[in-house]
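Taking the form predicted on its own, here's one chain by itself in structure tokens.
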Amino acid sequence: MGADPRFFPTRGPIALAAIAQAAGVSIDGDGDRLFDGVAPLTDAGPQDVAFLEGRRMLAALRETRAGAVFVAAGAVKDVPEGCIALVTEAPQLAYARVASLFHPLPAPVPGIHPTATVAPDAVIGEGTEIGPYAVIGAGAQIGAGCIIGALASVGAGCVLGAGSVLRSHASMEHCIAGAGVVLHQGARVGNEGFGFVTTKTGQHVTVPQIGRVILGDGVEIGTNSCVDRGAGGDTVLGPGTRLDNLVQIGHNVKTGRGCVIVAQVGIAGSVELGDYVVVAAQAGLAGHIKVGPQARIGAQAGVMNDVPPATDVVGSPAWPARETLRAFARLRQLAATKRDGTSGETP
């Protein structure tokens, strides 16, 4: 069973030759065979395209009814008779490209809904769609071909590049965003940063947050994630950076290109991430630290110090992954020690 057409209209049928071209794979014959869509191995039928995601799905591959499947060369022998093997080094990437072929992103329906509120001096690009009860503030600039969903808000003076999308209830203020930016449902960009000074009497005095948020081209911000504006300078998310749902980015954080920040991560103010850093779920980063390019931070890690480039860290406090695993192994040995002082482990 493929995608539900009520929610995901399918563009098809599509010939195998076009599918192979989109995926960048070669085929021998059968180029005119038509396919209706994409589906998981276990649900696919003869008119569907599927892919193999790792060896743990080999049993499903052997039993699949899919008409064609993207596989690495080593798994071709496991493709059942009648199913076309589409050989590629990156089956999931090929599948993603073909899924987009069958289910392209919805194009904007140009126009402004009668219930939307658009400031007289706002600039709206050609072909942009503005949905019900959306609000576009004074002096805002929205590029061509954008989609502003229902109840979404673009604050006064904000800039949103061409081809960007604000889904329902998303909001941006004090923000300059590039092209192809996506704010998913309920995302909040440009909020006041968590900056205050506590007096001797315990009173919290707010420090005015007078910076901006700068979003590079292709940044995506997940549902109910928050990106605070800078306190003085700017909060900057580099081009291609992706935030999962429920992520908190503090004021003056700066990321490089293509960073991936997974659900429930919290990054405190003035942290700097290099290019292509990955921060796994529920990790927390203390303020004013630097994480080098291509470093990876494990799930639930507590990062309190700088992380060198291309280093994997795990644990809390976070250490390099190999050191942490050795420490865990030693802890297990200690826990297994008998009361008489001898090891409880079998030689």
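All residue numbers are counted from 1 along the displayed sequence. Predicted model only: the values in this text are computed from it and were never measured.
Just so it is clear, the following notes concern the form predicted together with a further copy of the same chain, a form of the same protein that is not shown.
Asks: Looking in the predicted complex, any heavy atom of E192 within 4.5 Å of a further copy of the same chain?
Replies: Result yes; E192 sits at the interface with a further copy of the same chain in the predicted complex.
Asks: Since only the chain is shown here, I'm wondering whether S316 would be in contact with a further copy of the same chain in the predicted complex (any heavy atom pair within 4.5 Å).
Replies: Taking the distances in the predicted complex, the answer for S316 is yes, it comes within 4.5 Å of a further copy of the same chain.
Asks: Verify the contact flag for K200: yes if a non-hydrogen atom of it lies within 4.5 Å of a non-hydrogen atom of a further copy of the same chain in the predicted complex, no if not.
Replies: Contact with a further copy of the same chain, yes.
Asks: Evaluate R326 for contact with a further copy of the same chain in the predicted complex, applying a 4.5 angstroms cut-off between non-hydrogen atoms, and reply yes or no.
Replies: Result yes; R326 sits at the interface with a further copy of the same chain in the predicted complex.
Asks: What are the residues of 124-147, in order along the chain, with a heavy atom within 4.5 Å of a further copy of the same chain in the predicted complex?
Replies: Going through 124-147 in order - heavy atoms within 4.5 Å of a further copy of the same chain in the predicted complex - the hits are P132, Y133, A134, V135.
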